[in-house]
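Only one chain comes next, encoded as structure tokens, the form predicted on its own.
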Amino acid sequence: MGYALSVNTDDAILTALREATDNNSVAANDFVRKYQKFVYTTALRYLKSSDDAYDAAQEVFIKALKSIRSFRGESSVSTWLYRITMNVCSGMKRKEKLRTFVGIDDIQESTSDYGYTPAQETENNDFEVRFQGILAQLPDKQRETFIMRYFDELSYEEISQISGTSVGGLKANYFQATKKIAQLLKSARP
């Protein structure tokens, strides 16, 4: 079966990847290109370091491409990649905690340049730090539901598949999270 570079549907990419004996590089590149922003931003929100998020994204795509033939399609590709990303990030966090506990090295966050002026970069970083602090104050289930729904733009059904929580429970978590975030943002104003 031929594979056209411009074809970008999940089915076409997955079919090409499954049929290729050597992980067809065109199909693999299209797969990575299509989902790299999603995987990277998901990892970045969890790891809070662009270098770590980049490393996690690479590992996610290596794992995904190795196991593409076992993907059964019971969930969307983005849900499947989200699960892989969360597993990779959790593993990286465990390793980081161990390194910190043992004192092997100091881990520093790097700041990437998105073309903002220094004043804009500072303002964005300040808000990011404050908002991350607000998110950290939420209970785990509310925080995860909010992140998956708001940032990752996943449907409640997809989040339900990932978390194993009912759609009704997720809606309640999201409502409570937005309510608490609004309260905390109001109280954090200078």
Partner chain sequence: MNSSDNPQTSSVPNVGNEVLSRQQMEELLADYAFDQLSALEKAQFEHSLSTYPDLMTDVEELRSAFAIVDTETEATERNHAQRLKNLSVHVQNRLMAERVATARRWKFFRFLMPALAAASAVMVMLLPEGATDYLMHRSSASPFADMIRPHEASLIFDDESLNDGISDADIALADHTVDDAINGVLAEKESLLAARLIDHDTLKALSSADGDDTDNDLALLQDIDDDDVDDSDVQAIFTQM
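Numbering follows the first chain given and starts at 1. No experiment lies behind these values; they were computed from the predicted model shown.
One more form of this protein, predicted together with its partner chain, exists but is not displayed; see below.
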Can you tell me if Arg69 lies within 4.5 angstroms of its partner chain in the predicted complex, counting non-hydrogen atoms only? no
Should Ile181 be classed as touching its partner chain in the predicted complex when contacts are defined as heavy atoms within 4.5 Å? yes
Taking 4.5 angstroms as the cut-off for heavy atoms, does Ala57 touch its partner chain in the predicted complex? yes
Answer yes if any heavy atom of Thr41 is within 4.5 Å of a heavy atom of its partner chain in the predicted complex; otherwise answer no. yes
Between its partner chain and Asp10, Leu47 and Ser160, in the predicted complex, does every residue show a non-hydrogen atom at 4.5 Å or closer? no
Looking at its partner chain in the predicted complex, which residues in 152-169 have at least one heavy atom within 4.5 Å of it? Glu153, Ser155, Tyr156, Glu157, Val167, Gly168
